[in-house]
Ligand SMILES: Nc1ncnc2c1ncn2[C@@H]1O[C@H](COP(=O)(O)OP(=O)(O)O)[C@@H](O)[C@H]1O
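Encoded as structure tokens, the following chain is the form predicted alone, with no partner shown.
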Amino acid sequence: MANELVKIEKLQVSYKKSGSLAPALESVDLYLEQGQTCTVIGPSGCGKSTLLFILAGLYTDAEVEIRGRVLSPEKRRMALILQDYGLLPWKTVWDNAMLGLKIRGMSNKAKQGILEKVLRDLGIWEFKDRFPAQLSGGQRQRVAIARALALEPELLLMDEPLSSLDALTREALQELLLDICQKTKMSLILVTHNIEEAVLLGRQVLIMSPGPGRILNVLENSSAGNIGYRNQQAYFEQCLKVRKLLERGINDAC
């Protein structure tokens, strides 16, 4: 593909368990174009999070290509957001969001300019001096997103980032992610257990088998990214299709 950003082919991953190897991922292929959004859905234990950690460069024995080059820590232009937000409770919103920029060794002036814009864009500038315990769940998630966006990544990786939020906050942040991806042309890979979320956010929906994880289906979902998609008949039909494919994969594994 001319605009290919990520390429994984025939990925195999196993864990050591009780002195033997337990397979986690089996023959996984993944291709992602620049600016594309991809969601990954499957039953618990199918290796969805493992796949994200490999893309983030946390497992160095797995070969992944980013822009045609084998992934290595010094070449990463990506950010990872975890389910529990990963905020340090003793640091303010500002200091938590600043963390990635500090690790990259940017000058104070450059860091401040980048971070102020991101916090204002996400609507949390007024909370910059608060600590995580003083924020709502949605606000804490915005801080985690701010820390990631401040790094100006090509690829944003998210591991069930909205699962603990109430329905309305979750929908608001889903729409925020869509807006960010449209404005920045950033690529997104998001792991979720929620069928509706997978269909709303992913122009490509990867449906995984029970562990060891394999990609059973790659569902093209060209209407994703349109906020109004949530209210269209095509959206409900795609949700039903994903549900049936998931059920079929689980039943076939039994």
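From 1 onward, residues are counted along the sequence shown. Given the structure is predicted, the values throughout are model-derived calculations rather than measurements. The term rigid core refers to the most C-alpha atoms you can superpose between the two forms while keeping them within 1.5 Å.
Just so you know, the form predicted in complex with the named molecule exists too; it's not on screen, but the next bit is about it.
Enquirer: Which residue among 49, 187, 194, 204 has a heavy atom within 4.5 angstroms of the named molecule in the model of the complex?
Expert: Filtering the options by heavy-atom distance leaves 49.
Enquirer: Just to confirm, residue 44 within 4.5 Å of the named molecule in the model of the complex by heavy atoms?
Expert: Heavy-atom contact with the named molecule at 4.5 Å: present for residue 44.
Enquirer: Would residue 17 sit within 4.5 Å of the named molecule in the model of the complex, counting heavy atoms only?
Expert: Within the cut-off, so yes.
Enquirer: Counting only non-hydrogen atoms and a 4.5 angstroms cut-off, does residue 239 reach the named molecule in the model of the complex?
Expert: Close contact is absent here: in the model of the complex, residue 239 is far from the named molecule, nothing within 4.5 Å, heavy atoms only.
Enquirer: Is residue 24 part of the interface with the named molecule in the model of the complex - any heavy atom within 4.5 Å?
Expert: Because a heavy atom of residue 24 falls inside 4.5 Å of the named molecule in the model of the complex, the answer is yes.
Enquirer: Name the stretch: of 194 to 202, 49 to 57, 27 to 35, 216 to 224, exactly one has residues whose heavy atoms fall within 4.5 Å of the named molecule in the model of the complex.
Expert: Going by heavy atoms within 4.5 Å, the stretch is 49 to 57.
Enquirer: Does any residue in 228 to 242 get within 4.5 Å of the named molecule in the model of the complex, counting heavy atoms only, and if so which ones?
Expert: Not one residue comes within 4.5 Å of the partner.
Enquirer: Once the core is aligned, please say if the CA of residue 231 is shifted by at least 2 angstroms between the shown form and the other one.
Expert: Moves: no, less than 2 Å.
Enquirer: Can we say the CA of residue 244 moves by at least 2 Å between the shown form and the other one when the core is superposed?
Expert: No: residue 244 shifts by under 2 Å between the shown form and the other one.
Enquirer: For residue 17, decide whether the Cα shift between the shown form and the other one is 2 Å or greater, given a superposition on the rigid core.
Expert: The answer is yes; the displacement is at least 2 Å.
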